[in-house]
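Take a look at this one chain, the form predicted alone, written out in structure tokens.
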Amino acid sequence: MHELSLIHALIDTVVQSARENGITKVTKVKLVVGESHGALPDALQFAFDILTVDTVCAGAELAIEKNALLLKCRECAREFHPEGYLFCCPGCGVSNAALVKGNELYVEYFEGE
């Protein structure tokens, strides 16, 4: 369950930024998670609920945006969302693709008072 360590690091970042900006109560944290990152939203939420106790983030809403995996074929430059575990380009059939989007994990923003 690597989600605990991921959320712990993200909370540290939010708490430090809140402190630097004079925010004493965080009300919402928006998290962006790519499909291929491997972090499970339910586990992220569980970790957030547990690790924010006694911090400025206690009781804050965790909003999770999931980004679908997007690849770009290195042969024909077509961008596509792969189906299953086959990363063949639907345009030319070649399985030589580069990751465009879907492996990210970051805090997009947080709100507080």
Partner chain sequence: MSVDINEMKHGSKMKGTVSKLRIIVGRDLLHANAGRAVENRALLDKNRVVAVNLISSPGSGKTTLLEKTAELLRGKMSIGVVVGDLYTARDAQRIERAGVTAVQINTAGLCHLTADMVGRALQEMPLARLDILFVENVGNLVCPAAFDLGEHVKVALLSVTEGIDKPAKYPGIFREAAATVISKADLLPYTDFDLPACLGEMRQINGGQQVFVTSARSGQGLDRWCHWLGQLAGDNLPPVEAGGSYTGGTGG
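Note that the structure is predicted; figures quoted are calculated from it, not measured. Numbering follows the first chain given and starts at 1.
Just so you know, the form predicted together with the partner chain exists too; it's not on screen, but the next bit is about it.
- Among residues of the shown chain, F46 is not one whose heavy atoms approach the partner chain to within 4.5 Å in the model of the complex.
- Contact check for L31: a non-hydrogen atom falls within 4.5 Å of the partner chain in the model of the complex.
- Of the heavy atoms in L86, some are within 4.5 Å of the partner chain in the model of the complex.
- For L69, a non-hydrogen atom is located within 4.5 Å of the partner chain in the model of the complex, even though that partner is not displayed.
- If you take 80-113 and check each residue for a heavy atom within 4.5 Å of the partner chain in the model of the complex, you get Y85, L86, F87, C88, S95, L105, Y106, V107, E108, Y109, F110, E111, G112, E113, in sequence order.
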